[in-house]
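A lone chain, given as structure tokens: the form predicted on its own.
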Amino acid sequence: MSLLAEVLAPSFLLHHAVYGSLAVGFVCPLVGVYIILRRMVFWGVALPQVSAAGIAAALMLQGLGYAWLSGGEAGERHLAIVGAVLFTGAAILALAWLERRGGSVGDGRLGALYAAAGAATILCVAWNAAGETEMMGLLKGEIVSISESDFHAMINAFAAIAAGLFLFQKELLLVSFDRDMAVTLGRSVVVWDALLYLMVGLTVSLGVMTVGPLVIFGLLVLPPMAALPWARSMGALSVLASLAGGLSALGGFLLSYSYDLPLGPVIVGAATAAWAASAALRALVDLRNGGRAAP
């Protein structure tokens, strides 16, 4: 308990890392719920890598002399955010267009996008050897280096995303699972899809800048999977998934701080442990009920 009180204290040296990780841990699973239920898991694999490619491309251009934003480290971070948002937004628009045109994006196209984005990330880093250290730090999501103003902007953005997901949950759920009924009730499927994709893109872009692509994918998928066996409504699923993600982020940070381990993989490990424990407990409960799953 003393360690927890120390870490959560406002005077803690790494308080940006703590609260930033918690924000990502609580909000990413809210978006991940829709990714899981709409069977868009491969989007969760490809989009963080596309966002990382955007970061690498933006910093590569600055290293080659195309400096649009100045201001040292803060300017680099702002430029990286712009690159991440532009690349992620363009990828989402392309995937959404393909989905509406053909009914399904297809695993092959998403796999090709992931491979292309991964290769582009490595090449952009290689072409900017002078800034390789800074670029690798940003790609890994070193939130420790974030400024006070950027930190508060990130928290406000995640708060707005979470509020939007809860306020418009009924409409987003309707267009996700019964598009014909949504049209009958006068809902604009295009508008609500665009809103959901916008929130997905912002969450992925800001999350990659905060904790890196690996952690974002883990938090998009693992906490909703852990919550799925216990939820009996969309609201319950969202709350349970968010709690699982937040607790995984907090537990991962405590372990990372205590044993001097890399933060990202520890958070993913904690989320994996939560998923495994949830699945095992659900199986045990079903076994005690005579092999009958709960309704």
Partner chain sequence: MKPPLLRFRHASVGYGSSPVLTGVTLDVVEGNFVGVLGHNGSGKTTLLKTILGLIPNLKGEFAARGKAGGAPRFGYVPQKERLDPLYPLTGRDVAAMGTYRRLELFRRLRGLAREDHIAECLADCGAAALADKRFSDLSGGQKQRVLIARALAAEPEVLALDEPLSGIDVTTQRALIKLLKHLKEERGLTVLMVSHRVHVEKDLFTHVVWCDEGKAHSGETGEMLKGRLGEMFRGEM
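Positions refer to the first chain, counted from 1. Remember, predicted model here, so these are calculated numbers, not experimental data.
The protein also exists as the form predicted in complex with its partner chain; that form is not presented, and the subsequent description refers to it.
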property: Location of its partner chain contact in the predicted complex, chosen stretch of 172-180, 202-210, 117-125, 88-96 [non-hydrogen atom, 4.5 Å]; result: 172-180
property: 4.5 angstroms heavy atom contact with its partner chain in the predicted complex for residue 197; result: no
property: Interface membership of residue 78, its partner chain in the predicted complex, 4.5 Å heavy atom rule; result: no
property: Residue 231 within 4.5 Å of its partner chain in the predicted complex, heavy atoms; result: yes
property: Partner contact for residue 187 in the predicted complex: its partner chain, 4.5 angstroms, heavy atom; result: yes
property: Its partner chain in the predicted complex reached by all of 14, 26 and 158, non-hydrogen atom within 4.5 Å; result: no
property: In the predicted complex, the one of 36, 46, 240, 59 near its partner chain [non-hydrogen atom within 4.5 angstroms]; result: 36
